[in-house]
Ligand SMILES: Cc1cc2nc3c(=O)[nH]c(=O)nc-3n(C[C@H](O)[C@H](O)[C@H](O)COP(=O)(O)OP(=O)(O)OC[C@H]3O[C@@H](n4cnc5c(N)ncnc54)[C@H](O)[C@@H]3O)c2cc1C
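A single chain, nothing else alongside it, follows as structure tokens in the form predicted alone.
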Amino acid sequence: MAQIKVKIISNSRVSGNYRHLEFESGLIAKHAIAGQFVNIKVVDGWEPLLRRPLSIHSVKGQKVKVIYEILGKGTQILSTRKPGEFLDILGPLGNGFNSLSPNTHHLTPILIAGGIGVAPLVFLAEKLKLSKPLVLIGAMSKKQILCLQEFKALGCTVELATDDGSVGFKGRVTDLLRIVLEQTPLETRQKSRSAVTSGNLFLTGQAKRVELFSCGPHPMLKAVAQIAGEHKINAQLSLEEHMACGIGACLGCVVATKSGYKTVCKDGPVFSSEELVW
């Protein structure tokens, strides 16, 4: 972790209140792991005092990109910062996804994103692209679907779920996940793999080990953890909590685990679903 000044490359609107912020930092780019975040001081002064934690969305060379939603004073100010200006940033922070298992090539990753939870999963998809991840993106409506083309450009199979049915599966993304897993022979069944919902082919080929990677709202992650337990498969979850300091000092983002309370910013944000107490 380092505190550094970084130069803004771009700060552009994606859709609605969502924006891409790209900055240059060889140090952060070199050491960043998918699932980690940076803590951004949006102004040089003291108001607002607290930094804004944003997941690392992608890394290209020395360029690092994050996605954020304009929700309050801090992110509103951040949206006004211009290319060429400098930001004070702490990062990379936290513990990310474990995507470096020696058995990764035998893994069929399923990435489940809810809303802005897509942000760290694009970076993860870059790391897992040889395993051809299946990506399930959930949102309230078609207008709130993010990063669809970025996942497709990485060779991922992408399926959508919207609450209002405006695109893709009508319902929660975790309902879609249940259908995928229930129609997909897992490794223990030793059958050819196929899962079809609404006429779309999800997973094909020789049976492999499935693992879940997810980021999104708390109720969604709780449902993913429950589904993973029912199917006896591993799940890594990136928690979304209010993180003030970003280094585990203020204890403002503690969560209950089977080994006691832990901080999301320092011990997480990524945890095994089996570790968490819901």
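None of the values given here were measured: they were computed from a predicted structure. Residue numbers here begin at 1 and follow the sequence given.
Unshown form predicted in complex with this ligand; subsequent notes refer to it.
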- Find out whether any non-hydrogen atom of Gly155 is located within 4.5 angstroms of this ligand in the predicted complex, and reply yes or no. no
- Task: Please check if His242 has a heavy atom lying within 4.5 Å of any heavy atom of this ligand in the predicted complex.
- Result: yes
- Message: Quick check on Gly72: any heavy atom within 4.5 Å of this ligand in the predicted complex?
- Response: yes
- Message: So in the predicted complex, is this ligand close enough to Gln236 to count as touching (4.5 Å, heavy atoms)?
- Response: no
- Only hit among Ala119, Leu128, Ala161, Ile89 for heavy atom within 4.5 Å of this ligand in the predicted complex is Ala119
- Task: Work out which of the listed stretches, 147 to 155, 128 to 136, 170 to 178, 72 to 80, brings a heavy atom within 4.5 angstroms of this ligand in the predicted complex.
- Result: 72 to 80
- Can you name the residues of 249 to 278 that have a heavy atom within 4.5 Å of this ligand in the predicted complex? Pro269
